[in-house]
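Encoded as structure tokens, the following chain is the form predicted alone, with no partner shown.
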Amino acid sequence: MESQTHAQFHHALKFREDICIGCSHCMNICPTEAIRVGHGKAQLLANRCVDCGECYRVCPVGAIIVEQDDFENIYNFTTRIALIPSVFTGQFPDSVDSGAILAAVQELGFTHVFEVEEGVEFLNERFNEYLLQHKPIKPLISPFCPAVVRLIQVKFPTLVRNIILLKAPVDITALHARKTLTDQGIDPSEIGIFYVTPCAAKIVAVKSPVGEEKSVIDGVINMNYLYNKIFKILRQNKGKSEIPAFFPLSGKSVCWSLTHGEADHMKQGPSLAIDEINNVIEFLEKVENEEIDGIDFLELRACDESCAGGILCPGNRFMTVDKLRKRALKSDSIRGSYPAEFQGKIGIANDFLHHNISLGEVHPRSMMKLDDNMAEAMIKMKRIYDLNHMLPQVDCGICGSPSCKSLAEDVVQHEASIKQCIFIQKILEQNDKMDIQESVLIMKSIWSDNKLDQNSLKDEITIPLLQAGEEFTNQGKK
């Protein structure tokens, strides 16, 4: 059973039972084994999910959706701020200037536009200070990717102390934007800040932030949704020469959300960058087992090519990386020609941000917590070991769980029956401990009546196909 804390954890990924066909693609791809199949539908175990979005990528029928805020919510505020990550500008052709993209965002209805990475130079200084002050803890882990933070909470709870307790660039820029406009005399209650997200995990980071009670951001906009709107505006504006001036980001800032964006700029000791969630899991297992030495800082990202590979990015991730690296080179070459007073520039000595950059403690929420009572938990762990040992270890998924080990865990937690294993069923049938009808009923409870409906085989097309298949098999045996 989920604890109350787990039940309150927000998830951006939602499963639509009316569309789901129970194909098990999502169950098999999930890196934290957070999905089961029951009654022919995918079912999410909320205490295991980290909103990485791998299930969203593989669903063949679009049964997994990303919950997002209504765009019209921006009009609940008179001062409307858009926080645009640099990776958004990388979705457009090389011929489209980043300034034109930001101008089009403002034309869409926002009164102010800030690029998320405006806070990177400030954050980079704080990171290096943090690494220097916390040298005994190695490796320290970047909090940039919310999916990784939650992965550590649920799968590697002993490593939560390694997470750097500093806000991400989006939060720093949001704080700066709100403070800047408030200082100009704008009523804080009239300021709405909306972040354009490349992934589901960053939606969760806003709706259910880790290390703080409430996010400074008021809403989240799907990047794919905004891309289509902006692309239409850019086509309509083709040929317009007047584009509002935006202070160009440094090359470092432009590439901060890409793989090696953080790691290449850490001065205090060796750093390593790892992307794609299964690579991250493999490496964290080595860290947890104390097999890794000599690394002071880890940049870990759940998506392949980091934010360029987010599930809500409409463009090709490799092309996006290439475009951003070109933009970074261009930005560094022209920054000197811009006056420093342009809106959005965050100084590295910003006192307000310095006093508001820290996160509170990150707590573990282990998905492997078997019982609040330690003695009972040890008994359950022994039962899981014994049950797993007697299962076939083929991880076929026919039982509705992604692996034999996960089925053993589900059985011990009273969420499944050992009889759901097709191999156990056959063993029981051979020993007259189960009849075929009971086996069919168990399979129907997992995969639904539709998949085991005998009437689906009784038509003029199916029967000849089955007979032909049988004849082909017999010929092969001869």
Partner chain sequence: MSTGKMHFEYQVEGGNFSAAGFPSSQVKKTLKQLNVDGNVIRRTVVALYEAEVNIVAHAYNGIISVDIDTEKITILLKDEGPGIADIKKAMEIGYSTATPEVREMGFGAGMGLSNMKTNADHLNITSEVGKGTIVEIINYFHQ
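Keep in mind that what you see is a predicted model, and the values were worked out from it rather than measured. Positions refer to the first chain, counted from 1.
The form predicted in complex with the partner chain exists for this protein as well; it is not shown, and the discussion that follows is about that form.
Legend entry - Partner contact for Thr78 in the model of the complex: the partner chain, 4.5 angstroms, heavy atom: Thr78 lies outside the contact set for the partner chain.
Legend entry - Proximity of Pro157 to the partner chain in the model of the complex, heavy atoms at 4.5 Å: Residue-level check for Pro157: yes, a contact with the partner chain.
Legend entry - Heavy atom of Glu288 within 4.5 Å of the partner chain in the model of the complex: Residue-level check for Glu288: yes, a contact with the partner chain.
Legend entry - 4.5 Å heavy atom contact, Glu54 to the partner chain in the model of the complex: No - in the model of the complex, heavy atoms of Glu54 and the partner chain never come within 4.5 Å of each other.
Inset, instruction - Report the stretch among 107-115, 249-257, 175-183, 280-288 that approaches the partner chain in the model of the complex to within 4.5 Å, counting heavy atoms only. - result: Residues of 280-288 come within 4.5 Å of the partner.
Legend entry - Contact assignment for the partner chain in the model of the complex, among Lys267, Lys135, Lys369, Lys326, heavy atom within 4.5 Å: None of the other options qualify; the answer is Lys369.
Inset, instruction - Identify which of Ile233, Val394, Met378, Met319 has a heavy atom within 4.5 Å of the partner chain in the model of the complex; exactly one of them does. - result: Only one option qualifies, and that one is Met378.
Inset, instruction - Taking the partner chain as it sits in the model of the complex, which residues of 83-118 have a non-hydrogen atom within 4.5 Å of it? Please list them. - result: Heavy-atom contacts to the partner chain in the model of the complex: nothing from 83-118.
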